[in-house]
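Form predicted on its own, single chain, as structure tokens, below.
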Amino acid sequence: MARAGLTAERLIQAAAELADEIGFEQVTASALARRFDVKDASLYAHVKSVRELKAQVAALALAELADRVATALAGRAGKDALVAFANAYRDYAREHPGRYAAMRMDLAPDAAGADAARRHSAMTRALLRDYRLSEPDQTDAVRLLHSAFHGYANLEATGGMGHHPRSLDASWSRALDALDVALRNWPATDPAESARETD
């Protein structure tokens, strides 16, 4: 019998908070059950499995980040939009390390987080509008930005860039300057390559 007051929504929120506290990989049925002072088996009246619960945490995180990025992008274009998007992404990763880690889960196309993931891609394409990139350059630029933001956030989270006295904020700012320059001076696509992709 389900414990009164225990719901799937409360479990997902608690799992997200736990992920930020102890790490996404450390979120287990036992750790979550202890948080609610129940037996592990009580959780399965609300979620099918720990994997499903973790996928729901990933969906929550993707939606939260999408909302934050959408707010940051409102009324902005060009470099201002790029910087706003990037800062919203980095800030979320620093404030919610466990939820950020959850977003790396490989979700099925029909999973709850898939819509939020598509929103991220659409917003990245929207911020690229001012850079006037057509396909396949736009897709290449989307991948470049996501790789740069994720790589920086991941290295920062794991202490991978703490070996030099230069501040991480200063390097981040210069990286965004460089990305803006790269987007404004995007190399022309080889017409033969474009033709091969459409064959």
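No experiment lies behind these values; they were computed from the predicted model shown. Heads up: residue numbers just count along the shown sequence, starting at 1.
Another form exists, predicted in complex with a further copy of the same chain; not displayed. Remarks below refer to it.
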Candidate from E52, D40, D130, D140 lying within 4.5 Å of a further copy of the same chain in the model of the complex - any heavy atom: D140
Heavy atom within 4.5 Å of a further copy of the same chain in the model of the complex - the one residue of R68, H150, H46, R35 that qualifies: H150
Non-hydrogen atom contact T189 with a further copy of the same chain in the model of the complex at 4.5 angstroms: yes
Close approach of T28 to a further copy of the same chain in the model of the complex, 4.5 Å, heavy atom: no
Non-hydrogen atom contact A63 with a further copy of the same chain in the model of the complex at 4.5 angstroms: no
Partner contact for R76 in the model of the complex: a further copy of the same chain, 4.5 angstroms, heavy atom: no
Members of 142-169 lying within 4.5 angstroms of a further copy of the same chain, judged by heavy atom, in the model of the complex: R143, L144, H146, S147, A148, H150, G151, Y152, N154, L155, T158, M161, H164, R166, S167, L168
